[in-house]
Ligand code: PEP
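In structure tokens, the next block holds one chain alone, the form predicted alone.
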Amino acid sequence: MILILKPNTNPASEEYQLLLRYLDALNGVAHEVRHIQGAEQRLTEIYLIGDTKPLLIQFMRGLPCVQRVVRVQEAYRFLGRHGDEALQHGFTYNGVTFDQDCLHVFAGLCAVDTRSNVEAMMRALQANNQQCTRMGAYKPRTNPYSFQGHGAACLPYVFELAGKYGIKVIAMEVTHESHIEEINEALELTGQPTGIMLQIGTRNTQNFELLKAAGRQETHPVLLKRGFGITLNESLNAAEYLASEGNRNVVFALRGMKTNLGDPHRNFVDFSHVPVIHRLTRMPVCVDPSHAVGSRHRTPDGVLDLLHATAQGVIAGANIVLVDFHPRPSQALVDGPQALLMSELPTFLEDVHIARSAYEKRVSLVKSYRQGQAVAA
């Protein structure tokens, strides 16, 4: 059971303390308090853990400070929606808000190669009013002889340049618990000029020890990519591993499924699952068209397949787009064939804006219809 308290409830108030005293007295039921700081208000959720079946929702709703009560279903205990359409969750990290109503573009280098390329990317992002990027320092590769990233060596200049160009959040993949420590050390060394969203890639979706390590730390949010060869349910349970360890600031990323049914694309694009994840969970949803499509092929209308796939995800309600760019894709050390050109960034962003506007119009249309039906009834 989840108790959702009234916005901006003061933990020092007598009403709040009275509520906690009542919960402390419950037999066989423990409680965990979770504070969520949004852009405009602070929300508090209290998770009741144990045998909560005897607790009546109507009675619990009447307790001090309580605004709403949600009976938790078995699946996705911490991140699930539990049949409540109004149950929302979001988080603000380093001044940027992430929830199911936002849209952010994380354009950047799949793998950091040179300082000059990092600076060129971040300069272009600043010129286009972007605050987020992706930068790969640690790269798990199928071939052991392929470039696997510069690792900790590149972190100081990546973070310094992010601060210089106003980049507030960098999505950066980690493949081992030690990488989190290296990131924290580099951030401290450079004076905390930016923020990091830890990215757990598709190959590590079921690396349960890494999930636990990322979940135990609550400094950085986590972007979890769907496993390329497992079911959606299995991947969502991987997100629950993060949340069950304490970190509820999780973004779920779709990046395509590994199957030849998706040929000639690199992976079978699974962006139709954006609304499914919104329905089942409260997580913001990311789409990664670069790793889903994997090429710069165009359709007869002249539009890149990658832009068509991006639009499919955005028009379905995606909250983040993770996409590869590079100043010279032919020289990129990782995934150059799918990287967009720096000159294409303004067009890409405008195309995303068009798709987002279409999504908002569709939502408005449905709301108007439902309101009309309610009046008619």
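From 1 onward, residues are counted along the sequence shown. This one's a predicted model, so the numbers in the text were calculated from it and none came from an experiment.
There is another form of this protein, the form predicted together with the named molecule, and it is not shown here; the text below is about that form.
- In terms of contact with the named molecule in the predicted bound form, the residue from R203, R71, K164, R216 that brings a heavy atom within 4.5 Å is R203.
- A heavy atom within 4.5 Å of the named molecule in the predicted bound form is found for one listed residue only; from V293, I170, L211, C110, this is C110.
- Proximity to the named molecule in the predicted bound form, taken as heavy atoms within 4.5 Å, picks out 134-142 from the listed stretches 155-163, 271-279, 121-129, 134-142.
- Contact annotation for Q199: at least one heavy atom lies within 4.5 Å of the named molecule in the predicted bound form.
- Within this chain, R248 is remote from the site of the named molecule in the predicted bound form, having no heavy atom within 4.5 Å.
- Looking at 216-237, the one residue that comes within 4.5 Å of the named molecule in the predicted bound form, counting any heavy atom, is K225.
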